[in-house]
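Here you get one chain, nothing else, as structure tokens; it is the form predicted alone.
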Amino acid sequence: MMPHESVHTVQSYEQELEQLRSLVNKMGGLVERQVAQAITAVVEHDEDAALDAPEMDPQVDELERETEALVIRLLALRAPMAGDLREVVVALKISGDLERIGDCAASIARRAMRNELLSCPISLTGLHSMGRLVQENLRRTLDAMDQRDPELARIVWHSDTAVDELYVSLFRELVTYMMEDPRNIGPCAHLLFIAKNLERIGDHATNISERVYYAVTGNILPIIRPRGKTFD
């Protein structure tokens, strides 16, 4: 290979890596907006937000497909090694987690405008607190991914404990409402599904933080994650 051809190949490879980072970051931005809109839809009974979150799903799905195609191309034609190989493989896994976060957000938004919730007499304070924490963890996860910051990724990994504890507390509260008055069963069932989807978003954010930590350091965080309160 001639020297100028070698330089061109390296430049092309770096451009493709940068394109991969751009795709994942763009996907992260869309998913973050989906989650924000879904929570707004529930807490503020915002119909526009409830419609907006699911409408972003096709864009997220398309970005995941583009990411997968580029990863396959890089693995097949560029044979990345060491840190680059970790980054490429992790990008594929992260895109899968982001797509699932988008699905959870869309599911939350679709439930937000159910008649049972619009006339719900139950306080949404606990759900709002859980939503804010999940949003904060997702934001920090995406920052860790963008900045390639393993310490920030570790912080998110530990923070999922608080999400678990809020979920358990909210679950018990809603079950109590259902036992006290059968008329609460309908709205509380929807709120339980919403809370579970928020908990899943938190889990996927934690997955991403683990993958970022591994991509940057080459080390794997402990298999057993920190856990909050669990059901007795």
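Given the structure is predicted, the values throughout are model-derived calculations rather than measurements. Residue positions are given as counts along the sequence shown, with the first one as 1.
What comes next is about the form predicted in complex with another copy of the chain, which does not appear here.
- Residue heavy atoms within 4.5 Å of another copy of the chain in the predicted bound form occur in exactly one stretch of 146 to 154, 72 to 80, 119 to 127, 132 to 140, and that stretch is 72 to 80.
- Contact between residue 164 and another copy of the chain in the predicted bound form is not found at the 4.5 Å heavy atom cutoff.
- None of the heavy atoms of residue 13 is located within 4.5 Å of another copy of the chain in the predicted bound form.
- At a distance threshold of 4.5 angstroms between non-hydrogen atoms, residue 192 is in contact with another copy of the chain in the predicted bound form.
- At the 4.5 Å threshold, heavy atoms of residue 52 stay clear of another copy of the chain in the predicted bound form, well away from it.
- Highlighted residues 68, 175 and 221: every one comes within 4.5 Å of another copy of the chain in the predicted bound form, counting any heavy atom.
- Using a 4.5 Å cut-off on any heavy atom, the residues of 177 to 215 that reach another copy of the chain in the predicted bound form are, in sequence order, 178, 179, 182, 185, 186, 189, 190, 192, 193, 196, 200, 204, 207, 210, 211, 214.
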